[in-house]
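Just the one chain here, laid out as structure tokens, in the form predicted alone.
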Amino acid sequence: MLRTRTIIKGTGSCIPPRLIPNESFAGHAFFEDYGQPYPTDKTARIIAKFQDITDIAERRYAAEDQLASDLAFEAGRAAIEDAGIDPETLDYVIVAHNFGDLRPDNHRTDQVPTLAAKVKAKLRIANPECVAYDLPFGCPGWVQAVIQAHYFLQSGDAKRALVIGAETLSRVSDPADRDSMIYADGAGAVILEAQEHAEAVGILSHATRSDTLEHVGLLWLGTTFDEDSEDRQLYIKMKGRKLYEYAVSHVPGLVKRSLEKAGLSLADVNKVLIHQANGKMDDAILRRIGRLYGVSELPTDIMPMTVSWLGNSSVATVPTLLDLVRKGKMEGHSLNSGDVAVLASVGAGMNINSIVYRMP
């Protein structure tokens, strides 16, 4: 029997041009929270330990004249070209982000009009029935936007949607905070299309949870750790250890729940595409997923990673990873017909989500 399935018709990404290696932070004076600065002769040791903990060796920053909406436009345009569709046939343009458009010299967020409205205009889409809106949901924003678009397509209200994740975290990174080395810029996008298929393909299931009562304060905006500075702009802050513990404790169970909803197990999964926040954290999450299924050894190619060279670009990490794998741009990784992929993320809120997808 034919059923309406939500299919990824095309993907795209925008990897910004500025490559920032860890050595670029050698001149920074890092502080331990709102306390004393670390001795400058320890900076090299801090950077080396950071790479050992996170696997991040370099990241990408947007050019001085690029905004998040510009990155989103480039990724969206690439996805449209890959799908081979007329952008006028889109029913939705949804952009997931957290900080809007930020200029290099001013952290005041610009979200009027929405980034989605700016992207729609840049794409020259005239169709007034193409609805453009933004979705802020922490780092899992893009995955959640895909889930929302899936509902629109399944309802019959829409046939096609462009879903983008874009962020310029480098512009809300405190240079006095060691965590500033984690953050990066970028954008990724998909075209989702409602198609009739007899077999179970496309989005098979999804799951989301929000743990706000005890965990809402794990990420927030605050002033620079350098209290002697006259800089009063706000920067992203996080309780890194507690965030790590939360993610490792809760992401595996939600991934398992999404697989159960699809009637699948970990043995059916070919790829786990997870938010690229911390390489060691993602390894720990994957091991715990394996333990939930009584599996101690997982295929070495099940979880492709970009965090070592792209850093953490928040909502952009999962769609960028998907685009690179889908187009065969990551050595040793591919997605073929019939393959099952899990797309999962975790971030501010705290929020977690997971999608189970089978390639048509």
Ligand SMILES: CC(C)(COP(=O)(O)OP(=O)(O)OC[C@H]1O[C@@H](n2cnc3c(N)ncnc32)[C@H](O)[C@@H]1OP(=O)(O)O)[C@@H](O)C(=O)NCCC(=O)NCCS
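Residue positions are given as counts along the sequence shown, with the first one as 1. In this text, all values refer to a predicted model and were calculated from it rather than measured experimentally.
Only in words, not in the display: the form predicted in complex with the named molecule, which the text now covers.
J.: Spot the stretch among 106 to 114, 273 to 281, 194 to 202, 226 to 234 with residues whose non-hydrogen atoms come within 4.5 Å of the named molecule in the model of the complex.
T.: Only one stretch passes the 4.5 Å heavy-atom test: 273 to 281.
J.: Would Trp309 sit within 4.5 Å of the named molecule in the model of the complex, counting heavy atoms only?
T.: Although the named molecule is absent here, Trp309 would stay clear of it in the model of the complex, with no heavy atoms inside 4.5 Å.
J.: Quick one: does Phe50 come within 4.5 Å of the named molecule in the model of the complex, counting heavy atoms only?
T.: Yes, Phe50 is a contact residue.
J.: So in the model of the complex, does any heavy atom of Thr54 sit within 4.5 Å of the named molecule?
T.: Residue-level check for Thr54: yes, a contact with the named molecule.
J.: I'd like to know whether Lys118 contacts the named molecule in the model of the complex, with contact meaning heavy atoms within 4.5 angstroms.
T.: Residue-level check for Lys118: no, no contact with the named molecule.
J.: Whether Arg257, Ile355 and Tyr357 jointly form a contact site for the named molecule in the model of the complex is the question; each needs a heavy atom within 4.5 Å.
T.: Checking in the model of the complex: none of Arg257, Ile355 and Tyr357 is within 4.5 Å of the named molecule.
J.: Go through Met305, Leu292, Ile302, Ile46 and name the one with a heavy atom inside 4.5 Å of the named molecule in the model of the complex.
T.: It is Ile46 that has a heavy atom within 4.5 Å of the partner.
J.: Could you check which residue among Gly222, Pro175, Gly240, Pro136 gets a heavy atom within 4.5 Å of the named molecule in the model of the complex?
T.: Of the listed residues, the single hit is Gly240.
J.: Which residues from 1 to 16 come close to the named molecule in the model of the complex, meaning a heavy atom within 4.5 Å?
T.: If the 4.5 Å heavy-atom criterion is applied to the named molecule in the model of the complex, 1 to 16 yields nothing.
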